[in-house]
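First, one chain by itself in structure tokens, the form predicted on its own.
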């Protein structure tokens, strides 16, 4: 089959989702009010609460939720064939991710920009809030620790990407001043930022910077991890308009240009899908398609981390409530487009089926490498761009997205410590500097305490990320569903995805439980049991909260 067919069908379905389905949800279910005073105006402080242009905010939101996950997950999941991954990304984006991300922004904005974890205590109950806070902390810990390893690895393996990745920070600092001091208009600033970013990508291969294998007794990888956390700590304390927003906005534009280049090259090359639609000859040790597909591909279909960003930073910057549809739902569509690109690059970006099978010799293979190599093959043969330049472009794209997610993730972890300080009346924890120190300290403790001198400790618990992340998405959908029931609005548009996610997550946890037992991995076995108990408790809390809410409605009628 021609890859162009999948491209047209996928993009067309997502476009229908945004223009038709999200419009229905906005008007009939969430019932957005253009006159509602958002927390960005109510609590404006110039640091975290900043009313923001919806295009700039979309850039921040989209790049924060995207990261490397919508590349890695789909590019691993195609081992089962391209069809299951394609269908889950397309339908997941339309009926799961869009509703979830959009709804999390709306729910938070309607409740003074509280994070979805803190909001759970008000909407569902204190017991559910306790579960939620633990799951949130685990997810953020994994994301921050692992993405630091991913970025460090990319910079160690692709020295040509170092200048573009760090140069983008300087570009963002300048862009932030130009936008918020209104020195230049947004379109002009956008052009300047994108040109500067792509100039850095062009310069990158000419000035490669290679970190020595060992620095002061530490591996080069570990040094990069320490540098990354030092940067992220500073970035999380700066006002959002100084670095976070402009960096994410420019990265969002850069991604769309990168997607246009990749999609345009694909149309010109018209490659065939060398991978099978359904792979009946998967390598030994590959887990079952159901339910593992639905936790392997999280970002790109639905991801609990998105709810943290939506209610943690995005809701504090929303200018008008009606902007939530564009920022939240279209942000999910943008991520779905990136996941679609990853699927096409990882299945049509190889010369032969044998080349593809060599890349996917075992479950977990592929990922970023398949995306970079396959995408570079398509771009080189489609539009003639040198393969090294194409690989640098795609590597920088992956690294920049992972970096923006890490920036936002550490800021969110700081918020979690501050919310704990508020909930348990610990005033010292509410101070931004102390909360940031605790956030960075916990990540470094995992990275170096569990992973040794190379700082790869986050990878130890990463096998549980998919299930924990989808449990988090289920909790977010639970909060939205209970709010809809109390407002006497239709709930099935969020309840159906919630039930599906809980079933798939519990099944995946049971399968992983057996795997960890067979491997003799007691640490992950115990952690899996903890997450499984949390998932079952969430299911029980879901039934209890909905029953309570319906009973309250019945009493009001009487």
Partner chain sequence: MHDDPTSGSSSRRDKLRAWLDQARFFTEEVYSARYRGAIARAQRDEDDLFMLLVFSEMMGLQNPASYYTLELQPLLLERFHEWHQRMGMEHSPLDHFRCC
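Positions refer to the first chain, counted from 1. Note that the structure is a prediction, hence the values are computed from the model and not measured. Whichever C-alpha set is largest while still superposing within 1.5 Å between the two forms counts as the rigid core.
The same protein has a further form, the form predicted together with the partner chain, not shown here; the description that follows concerns it.
For the spot marked by 176, 187 and 244, is every residue within 4.5 Å of the partner chain in the model of the complex through some heavy atom?
All three within 4.5 Å in the model of the complex.
Heavy atoms, 4.5 Å, the partner chain in the model of the complex: which of 487-495, 49-57, 522-530, 505-513 makes the cut? Say which one.
Checking each option against the 4.5 Å cut-off leaves 49-57.
Does any part of residue 413 reach within 4.5 Å of the partner chain in the model of the complex? Heavy atoms only, please.
Heavy-atom contact with the partner chain at 4.5 Å: absent for residue 413.
Residue 249 within 4.5 Å of the partner chain in the model of the complex, heavy atoms
So residue 249 counts as contacting the partner chain.
Contact with the partner chain in the model of the complex for residue 315, defined as at least one heavy atom pair within 4.5 Å: yes or no?
Residue 315: no, not in contact with the partner chain in the model of the complex.
In the model of the complex, does residue 393 come within 4.5 Å of the partner chain, counting heavy atoms only?
Result no; residue 393 lies far from the partner chain in the model of the complex.
If the cut-off is 4.5 angstroms on heavy atoms, which of these, 142, 197, 240, 359, is the one near the partner chain in the model of the complex?
Looking at the other structure, the residue within range turns out to be 240.
Scan 470-491 and note down the residues that get a heavy atom within 4.5 Å of the partner chain in the model of the complex; none is a fine answer too.
The stretch does not touch the partner at all.
Taking 2 Å as the cut-off, check whether the CA of residue 411 shifts that much or more between this form and the one not shown after a rigid core fit.
Comparing forms between this form and the one not shown, the residue 411 CA shifts at least 2 Å.
Yes/no, residue 130 Cα shift of 2 Å or more between this form and the one not shown with rigid core fixed
No, residue 130 moves less than 2 Å.
Displaced residue check between this form and the one not shown: residue 92, CA, 2 Å or over, core reference:
Comparing forms between this form and the one not shown, the residue 92 CA shifts below 2 Å.
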